[in-house]
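Coming up is one lone chain in structure tokens, specifically the form predicted alone.
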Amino acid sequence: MVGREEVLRAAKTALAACRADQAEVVVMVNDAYLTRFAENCIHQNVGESNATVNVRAVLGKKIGVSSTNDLSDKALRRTAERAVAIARLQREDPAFVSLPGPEPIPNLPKEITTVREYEPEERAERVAKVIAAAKKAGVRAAGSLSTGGLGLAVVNSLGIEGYTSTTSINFTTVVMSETSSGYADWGGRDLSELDVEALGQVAVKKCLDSRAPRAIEPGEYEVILEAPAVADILSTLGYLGLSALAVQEGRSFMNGRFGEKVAGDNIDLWDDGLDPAGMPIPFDFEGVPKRRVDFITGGVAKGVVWDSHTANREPGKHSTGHALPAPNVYGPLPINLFLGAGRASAEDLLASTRRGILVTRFHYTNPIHPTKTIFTGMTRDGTFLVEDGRVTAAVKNLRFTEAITRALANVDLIGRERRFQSGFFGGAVVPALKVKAFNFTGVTEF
């Protein structure tokens, strides 16, 4: 992967060529490697190296953004000039005040570099263990193992200059029979912590245990949510209402409720981009240092994340280091979510359930009512009936329609072990949850 010096050189070259009142350059370079398998066969082994340069030019209150993946000096200068030309054609943004100025950037633990030395043959050897387990059980495995490295630089005309690099690993598998499926996944930065064989066994067991599922009536049930389902819920909540822009636009469930109860006493939810248990990064895409933000403490609404644009709209507010790359219509978003752990074991969660549903993960979740945090989706890849503290049957997948805040207000028990779950952008470190009331509204044929 292109190193620190070359990345910063490219950023500074583009910045020097940007003849604007203010300017910002974001350079992202990445190496990405993927081994994908299906029907118990590896069918793809690919790698990609790429770079993206974003130039943001500010002329008064007009803003233009241009990008390229060409790091040559000629392309960088052309991209900077194009950003200025685009800015001239824009309407003024009355809420824009300024790009952020420099602040001290915190240090992170040293990057784990073994990912970049991980050869295709080694990925294939790991994946083969899952395939072998599936074949032995007479079922079919699919999924992927990806590894990658990212280098990020942010510079601007006000003096910001930051560079960081990180690595990521993601493994996912779905194991299927004619009437069932099972799921397992893992995300992290250190290959030594990835046990593909154990994960494959989890997915195979879920698949075998959920064969010939029976239908149950929709309704309100106790529910045990495993970590992938919990991460899905919290990522949806972050998207819906944990952003300052959502509050400013009046579409957050936090509006008018700061300092009030919005969840159970046992719920602590925050974002921390510096915690090594997640996927740490020291600054955001404006070069502002990451700050921990507490959203819910003891069930009480506390705060939301900010970028420079939303913070400049209100006196006394400051960016918390949660800006996304420009142009950005989403506003700041939490991408390093944490839910506080409890004391319950997996056995405790089961034992506390009289009659309920165990959910491995959700699929195709979508918001319905943002301010009420109502969302809907399907269970998938391992859904089970729990009766008198034990799993008694596999059940057909169910559609749910539920308010996230209601679910968080009904959390009975919280698991003591937390897992990192990667998401579309960032991820979450979460335990399993036992919820005493969760609303299922439909049943599928599988």
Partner chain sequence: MPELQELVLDAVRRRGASYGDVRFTERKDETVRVKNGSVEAVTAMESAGFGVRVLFDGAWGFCASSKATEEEAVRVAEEAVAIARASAGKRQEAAELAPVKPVRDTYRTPVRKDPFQVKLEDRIAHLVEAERLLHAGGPIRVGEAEVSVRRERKRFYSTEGSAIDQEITQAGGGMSATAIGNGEMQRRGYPNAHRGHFASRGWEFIEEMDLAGHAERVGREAFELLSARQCPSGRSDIILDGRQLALQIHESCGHPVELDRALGTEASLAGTSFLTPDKLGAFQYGSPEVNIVADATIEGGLGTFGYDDEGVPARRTMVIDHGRFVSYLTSRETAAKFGQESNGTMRADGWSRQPIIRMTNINLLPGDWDLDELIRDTKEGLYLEINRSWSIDDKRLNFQFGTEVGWEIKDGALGAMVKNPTYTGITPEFWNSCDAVADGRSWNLWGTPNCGKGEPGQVARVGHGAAPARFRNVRVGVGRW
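Positions refer to the first chain, counted from 1. None of these values were measured; they are calculated from a predicted model.
Below, we refer to the form predicted together with its partner chain, which is not included among the displayed structures.
Participant: Of 335 to 343, 315 to 323, 155 to 163, 87 to 95, which is the one stretch near its partner chain in the predicted complex, taking non-hydrogen atoms within 4.5 angstroms as near?
Facilitator: Result of the contact check: 87 to 95.
Participant: Does any part of Ile368 reach within 4.5 Å of its partner chain in the predicted complex? Heavy atoms only, please.
Facilitator: So Ile368 counts as contacting its partner chain.
Participant: Ala128: heavy atom within 4.5 Å of its partner chain in the predicted complex?
Facilitator: Output for Ala128 is yes: heavy atoms within 4.5 Å of its partner chain.
Participant: Is there a heavy atom of Glu48 no more than 4.5 Å from a heavy atom of its partner chain in the predicted complex?
Facilitator: Close contact exists here: in the predicted complex, Glu48 approaches its partner chain to within 4.5 Å, heavy atoms only.
Participant: Is Glu249 close enough to touch its partner chain in the predicted complex, meaning at least one heavy atom pair within 4.5 Å?
Facilitator: Glu249 belongs to the contact set for its partner chain.
Participant: Going by heavy atom distances of 4.5 angstroms or less, which of Gly101, Gly256, Gly298, Pro327 would be at the interface with its partner chain in the predicted complex?
Facilitator: Of the candidates Gly101, Gly256, Gly298, Pro327, Pro327 is the one lying within 4.5 Å of its partner chain in the predicted complex.
Participant: If you check Arg78, Arg211, Arg292, Lys261 against its partner chain in the predicted complex, which one has a heavy atom within 4.5 Å?
Facilitator: Of the listed residues, the single hit is Arg78.
Participant: Taking its partner chain in the predicted complex, which residues along 26 to 61 bring a heavy atom to within 4.5 Å of it?
Facilitator: Tyr33, Leu34, Arg36, Ala38, Glu39, Asn40, Cys41, Ile42, His43, Gln44, Asn45, Val46, Gly47, Glu48, Ser49, Asn50, Ala51 sit within 4.5 Å of the partner.
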